[in-house]
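First, one chain by itself in C-alpha cells, the form predicted on its own.
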C-alpha cells in the first residue's frame, strides 16, 4: 500500500522587493524556525532528510547545498539540491518519503533576487548557445512572442491580461506577506511602458526576496504531529522542448502534461468541479490565462472572458491566485512554486486572514520555471 504524505509545518520570511538588512541565510533560518515550531519538531532529532531548490547561476556559487545545512539544522544529515522550481523540490521530498527510507523531510526554497544585478544575462545561459544566445536579446522577448501567438490563436482580448494584473495586485493588498499590492485599472496596465510587444511593464512580475520552508511527513508520523495535516493528493511535472524553433508557442504543453499527471495520481476526473481554487504561475499576466486553459480548468480560449466576468476573483466561482500571485507578491526565482503552495496550505488550514476563501477542501498549485524554459510542476493538496 502506497504511503500517504502530508505537509505538517510551514514557515516563511516575508516577501519583499529588497532586503539589505538580512542575508539569504538569515531568511532561511527565520523560515525554518517558524516551520519547525509549526510542526512541533527538532530538526536535529526528528528530520531524516533535507531538500533545497536553487540554481547555482542565481546563487553565485556551485553545489549550493553546501551552504544550506547550518541554518536548517541539517549538519551531517542527508542534504541535496534540486535545480528546479519549488514544486519540483516538493515532488522530490514526497518521493523520498514514498521510498519508506524517510519519515520526515524538510524542503527549503528562497530568493535573494535583489542581489542579482545582471538577471537577463544569467537567464540567457538557459538559451540554446548556438542559435539563440548569440542574438544577445533580453530573454523577455520570448514572452512577448508567446503572448502574441497565444492571443492570436485563442482570440483572447488584451483587456483580459490587464484584468489579471488588476485582480492579482488587488488581492495582494490584503496579503501582509507581500508588498506589490496596488489599485489599478486595465488602462493603467495596458498603457504602461512597453517591454516586448504586446507585453507591458505592469504585466510582468517584479522580483522579490523571501524564503519558504515546509515540513513533510508520512501519514503515521503526520497524525502524531498535527491535527490539521494538509495531504499531498497528487503531483506531476513535465518539460516541453527547450528548442524555441520547435516548441508550441500558443499553448503551454508542459502545464497540460504536468496537470494530467497530478490529476491521475490524485484520482481527479473533473478538475473544475473537484478543485476549489488554484494558485498558478503568473510571472507574466497572459501566463495565468494560458495555464488555466492548459490545466483543464476551462476550455481553450475561455480563460480571458472568464477572468473579465469575475469568475476567478476572490468571490468568483473559481478563485485564482488569492495570494496575489507573482504579480502581487513578486517572482521569487526557484522559490516561486513554494510561495504558491504556501498559500494553498494557508487557505486549506483556514489561516489566510482577510483573503480566506469559504469552505475550501482541495487546492491546486502550479509553477513554471520561467523564460526561456518549458518546464512546470503541479501539486494538488487537500485538508
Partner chain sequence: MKEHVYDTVYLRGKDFEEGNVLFETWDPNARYAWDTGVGMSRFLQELKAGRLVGAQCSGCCRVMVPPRMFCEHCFLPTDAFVPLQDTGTIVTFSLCYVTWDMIRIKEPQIPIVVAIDGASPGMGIMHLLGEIEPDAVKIGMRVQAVWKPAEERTASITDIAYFKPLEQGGSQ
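Numbering follows the first chain given and starts at 1. Because the structure is a prediction, the values reported are computed rather than measured.
The same protein also has a form predicted together with the partner chain, omitted here; what follows describes it.
Student: Taking the partner chain as it sits in the predicted bound form, is residue 116 near enough to touch it, meaning that at least one heavy atom pair lies within 4.5 angstroms?
Tutor: Residue 116: contacts the partner chain in the predicted bound form.
Student: Can you tell me if residue 133 lies within 4.5 angstroms of the partner chain in the predicted bound form, counting non-hydrogen atoms only?
Tutor: Yes, contact at 4.5 Å.
Student: Contact with the partner chain in the predicted bound form for residue 141, defined as at least one heavy atom pair within 4.5 Å: yes or no?
Tutor: Residue-level check for residue 141: no, no contact with the partner chain.
Student: Within a 4.5 Å heavy atom cut-off, is residue 229 in contact with the partner chain in the predicted bound form?
Tutor: Residue 229: no contact with the partner chain in the predicted bound form.
Student: Please identify, from 75 to 83, 166 to 174, 233 to 241, 290 to 298, the stretch that has a heavy atom within 4.5 Å of the partner chain in the predicted bound form.
Tutor: Of the stretches listed, the one contacting the partner is 75 to 83.
Student: Thinking of 193, 251 and 308 as one candidate spot, does the partner chain come within 4.5 Å of a heavy atom in every one of them in the predicted bound form?
Tutor: No.
Student: Residue by residue through 34 to 50, which ones have a non-hydrogen atom no more than 4.5 angstroms from the partner chain in the predicted bound form?
Tutor: Contacts from 34 to 50: 36, 43, 44.
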